[in-house]
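First, one chain by itself in structure tokens, the form predicted alone.
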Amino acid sequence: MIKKFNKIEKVKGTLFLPGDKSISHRAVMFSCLANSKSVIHNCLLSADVQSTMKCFRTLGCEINIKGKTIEIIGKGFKGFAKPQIELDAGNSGTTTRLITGILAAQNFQSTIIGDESLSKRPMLRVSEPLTKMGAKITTAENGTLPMTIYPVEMLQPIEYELNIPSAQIKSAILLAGLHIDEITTVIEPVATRNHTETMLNLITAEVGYGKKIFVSKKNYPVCNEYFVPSDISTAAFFIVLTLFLKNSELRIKNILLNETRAGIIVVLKRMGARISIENERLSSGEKVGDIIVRSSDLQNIEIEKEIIPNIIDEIPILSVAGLFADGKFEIRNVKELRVKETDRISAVCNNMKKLGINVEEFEDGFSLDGEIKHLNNQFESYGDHRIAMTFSVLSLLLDGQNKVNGFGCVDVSNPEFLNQLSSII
């Protein structure tokens, strides 16, 4: 699907965005683990979260969608049914890696598959720590899907230090640890998004080299009622769009402001963005508020290594802010982008080169500099929802008519993107 975009002059109004993808995944999983009925409000119904639901339906859970409210009848401790077919995670790395931690503790064999993109993503980073807990897991020869999890008599608690700053790896270990009487400890030298430990109310401890997180069967989920705040990663596209349109002001309601996710706000404000927060409050243990964005003049800055895990999903759209900000934009220490839905470093660089600017690609990042020379481009999504939305926003800021090829992949995280956009133009 090729989508055409013309430059717009300004945006104004209020946006109510769908629920956060990371929290939606976890709310569905924890509800399925619990025994009996849980309710989730404002759950994101994107393709990725639907993949999580599909997998748990295959495991015997009853999941009923009523508008933006989800009712789930969970199966309780080790109560899942043996799947009669492979578990299809679609395009969702979160589904795959988190559910592997759950399946490692079950009393049956299961196999996870995914689409072409997901089937290229590395899975040893999850299977290896789970194997240290006694799990038996096999992958394809190159460490990718399909991945088969075999039943074992009992998992063992471990103390594991993350060597890759990844909330997915951390969560897989913690979810496996829910099935063990003794305490499993995850050591996190670099902070990553903390929704799993927040939603499970896990005990954590700050240590000299990071944080320790503790989990055991005592933390096993119970029936609950969840409210999912709106997704800051989705909001980031509209924030950047507003900043570079004159006479624009946008209010985005009920946005997740978790400190491990709001790095994009920190970076943009340091660049000079006029962004303010109102109505801050706690909802289901998470900080939530309304974001107000106004047209701004931005200056590129040095982006420190420490904040990278908290902005990793927003780096593609941050590159658009860097393109229009004064000075040279450069970001390093983001090699993890090469193993997302696509190689996002190459995807951003290849598309930016079409503008005729100076683009330098590094193994762990890229830089952008110079004046835009070429308009009326066709950008490639590479089948990646964040790349598609990034270059849609860029197209809306450029003269002429620009296109995004493969735009339909936005359904992975925000199928209502175009409707949201139309409501504020």
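Worth saying up front: this structure is predicted, and the values here are computed from it rather than measured. Numbers follow the displayed sequence, beginning with 1.
Separately, the form predicted together with a small molecule exists; it is not shown, and the next lines address it.
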Which of 183-191, 152-160, 91-99, 250-258 lines the interface with the small molecule in the model of the complex (heavy atom within 4.5 Å): 91-99
Residue (of S110, S296, Q168, T342) lying close to the small molecule in the model of the complex, criterion heavy atoms within 4.5 Å: Q168
In the model of the complex, the one of R125, K353, K287, K212 near the small molecule [non-hydrogen atom within 4.5 angstroms]: R125
Distance check, D313 to the small molecule in the model of the complex, heavy atom within 4.5 Å: yes
Any non-hydrogen atom of S22 within 4.5 angstroms of the small molecule in the model of the complex: yes
